[in-house]
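Listed next as structure tokens is one chain, alone, in the form predicted on its own.
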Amino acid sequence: MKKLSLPRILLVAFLIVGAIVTLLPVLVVFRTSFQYPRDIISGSLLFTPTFYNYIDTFTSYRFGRLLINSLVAASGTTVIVLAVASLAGFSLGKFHWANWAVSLILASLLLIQMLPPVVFAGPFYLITRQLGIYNTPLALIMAYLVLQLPLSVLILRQFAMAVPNEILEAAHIDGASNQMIFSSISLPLMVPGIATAGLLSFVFSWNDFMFAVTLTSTTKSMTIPVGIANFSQDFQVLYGNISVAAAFAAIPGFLMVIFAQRYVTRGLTIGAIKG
């Protein structure tokens, strides 16, 4: 067994403290969701667990509808982003484009990615009003697509470029079309990038507040972050309901990171080391 040196002990201790500091707010949220309002206000560490907040949140505040809206907006955005970005990334990474065209496209994608999201809030509001899709999940999906596509295309382009040209040339010689090469050869090799782009798109869309509050006005299309903000009312703050909503809002992110974490590191660092 390796001997524990002082630097290693300090590193482990630092990581443990960091994990505790990170997880403590999450644990407090879950604990608060099982407390009666009187226990939350009193700050007592000893309390009788209850599902009162869960029942009240789902029955009195239609939280189930907000949950469905968030799932529709995040899932719809992720599916469309992956479909478009995988095709665009493969095209930019493997097809013979003019250098000026590639530079122009990449510069445009980077420009959109670098602009503050708040810049798009006003124009999206006016566009959705004119198109008659304001206060619908489609309005949110449209806004999220514009913000998520650039990064996803850049990630998947790097993965497409990493696919060996010799494999594609051999497939061409055997008579495979571009569609077959993309679906049967390149796409399976791009799975880590697809997982990374999908995770980032879903998490951003799921957690977004600014566009959700700008493009929706009723529980018909509101998402969970907007619902959480509405629990802070004029004369009271419903801490129990906020904790319930926050607990449900955290679950998809935890699950997706657990299942996709082995792809995320490679997806974010592809191209950083060359050779």
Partner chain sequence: MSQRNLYRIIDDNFKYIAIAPVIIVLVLLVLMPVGRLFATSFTEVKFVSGGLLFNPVGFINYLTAFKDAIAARALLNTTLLALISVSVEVVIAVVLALSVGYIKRGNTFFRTIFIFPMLLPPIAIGVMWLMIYDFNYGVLNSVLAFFGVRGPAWLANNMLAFPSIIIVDIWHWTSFVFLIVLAGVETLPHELSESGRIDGATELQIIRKIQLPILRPIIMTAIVTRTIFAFKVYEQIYLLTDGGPGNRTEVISSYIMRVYFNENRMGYASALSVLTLIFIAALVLFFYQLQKRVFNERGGKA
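Between two forms, the rigid core is the largest collection of C-alphas that superpose within 1.5 Å. It should be emphasised that the depicted structure is a prediction, and the values quoted were computed from it without experimental measurement. Residue numbers count along the first chain shown, from 1.
The form predicted together with the partner chain is left out here; the points below concern that form.
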Check your understanding: Does any heavy atom of residue 168 come within 4.5 Å of a heavy atom of the partner chain in the predicted complex?
Key -> no
Point to revise | Partner contact for residue 117 in the predicted complex: the partner chain, 4.5 angstroms, heavy atom | key: yes
Exercise for review: Using a 4.5 Å heavy atom cut-off, state whether residue 209 contacts the partner chain in the predicted complex.
Suggested key: yes
Point to revise | Contact label in the predicted complex: residue 191 to the partner chain, heavy atom within 4.5 Å | key: no
**Study point:** Contacting member of 75, 158, 91, 135, with respect to the partner chain in the predicted complex [4.5 Å, heavy atom]
**Key:** 91
Check your understanding: Counting only heavy atoms and a 4.5 Å cut-off, does the partner chain in the predicted complex sit next to every one of 47, 79 and 198?
Key -> no
Check your understanding: Which residues, if any, of 165-194 lie within 4.5 Å of the partner chain in the predicted complex when only heavy atoms count?
Key -> 177, 178, 179, 180, 182
Check your understanding: Any chance the CA of residue 102 moves 2 angstroms or more between this form and the one not shown, core superposed?
Key -> yes
